[in-house]
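Form predicted on its own, single chain, as structure tokens, below.
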């Protein structure tokens, strides 16, 4: 629409390839999605579906043997790919666009103090003095819920627990007050109590800073509690993109329905766990039709040979030839974030 505000971040038909000895693996196969200001987008799907590759493409972390083969990534309507977008990309990544990685122990430098690592971000991107950077680092450590910030600032990562290291990673990510935070499975390997604390912290920071958040996870319970919108990935493609209430109450894609059905529920403790039979597609030789077709209980004959049709609803899309399959769900426990 003419005069409308563009999304904060937009991916347009992005394809990412990885050149291997066995051939070219298609990590992303035409991924398109948007994130608006202040929105929390959940990116879900099983391992190998392309979630982390999407984050890496956004952050400019695709390196050889990987490459962005085609498509575009736009920040506030302007491309950040190619020679023309290089200067813009350098000005926003780490400052307006930041990331919390999956494993804080491997992401933090074990030989640098926590304070030095936070201050490095501030001096590099904001050009503040060392004194100003230290004062801001103390504020950030306190903001993410780490006690005695002045003392903890001079400690090394191994002196922190897993949950505390993740809080440090969040402090680094929000140091420059970004507009978009990409969180790649930020609660992996943390116990349930600490997971809840980290997610609560992210929500609090989002409200305080009016951040947009891309939350990458395989945990639908986390998505139900934190996200406004959900994009479901499979085989390097977006299968469904819809508001969180629609995803849980009236999912369109058979893969989305399978994920929901396979999620354990506390009100079904005596029922046998359900799983999606079969294996994900081989991305060295992806199928010509729908990647989910061999595992789909609702597949049609044309699904095998023709790429899925994009079905568009009022606020959702689904890449499927057969979205009309009746699906009934229990009243959802999803709350509005």
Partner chain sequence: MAAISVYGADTAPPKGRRWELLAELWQDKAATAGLVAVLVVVLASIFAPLVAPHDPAAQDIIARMDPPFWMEGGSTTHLLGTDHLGRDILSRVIYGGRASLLIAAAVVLVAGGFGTMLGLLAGYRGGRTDSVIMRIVDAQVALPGLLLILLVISAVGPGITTLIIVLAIANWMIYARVVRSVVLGVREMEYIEAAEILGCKPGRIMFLHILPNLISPLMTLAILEFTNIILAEAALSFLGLGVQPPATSWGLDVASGKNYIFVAWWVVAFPGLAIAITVLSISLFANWLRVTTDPQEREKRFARGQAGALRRAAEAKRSAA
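Being a predicted model, the structure only gives us computed values, none of them experimental. Residue numbers count along the first chain shown, from 1.
Not on display, but discussed next: the form predicted together with the partner chain.
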- residue 297 within 4.5 Å of the partner chain in the model of the complex, heavy atoms: no
- Indicate whether residue 281 is a 4.5 Å heavy atom neighbour of the partner chain in the model of the complex. yes
- Touches the partner chain in the model of the complex: residue 56 (any heavy atom, 4.5 Å): yes
- Can residue 288 be called a contact residue for the partner chain in the model of the complex at 4.5 Å between heavy atoms? no
- Query: Mind listing which residues of 7-31 have a heavy atom within 4.5 Å of the partner chain in the model of the complex?
  - Reply: 18, 19, 20, 21, 25, 27
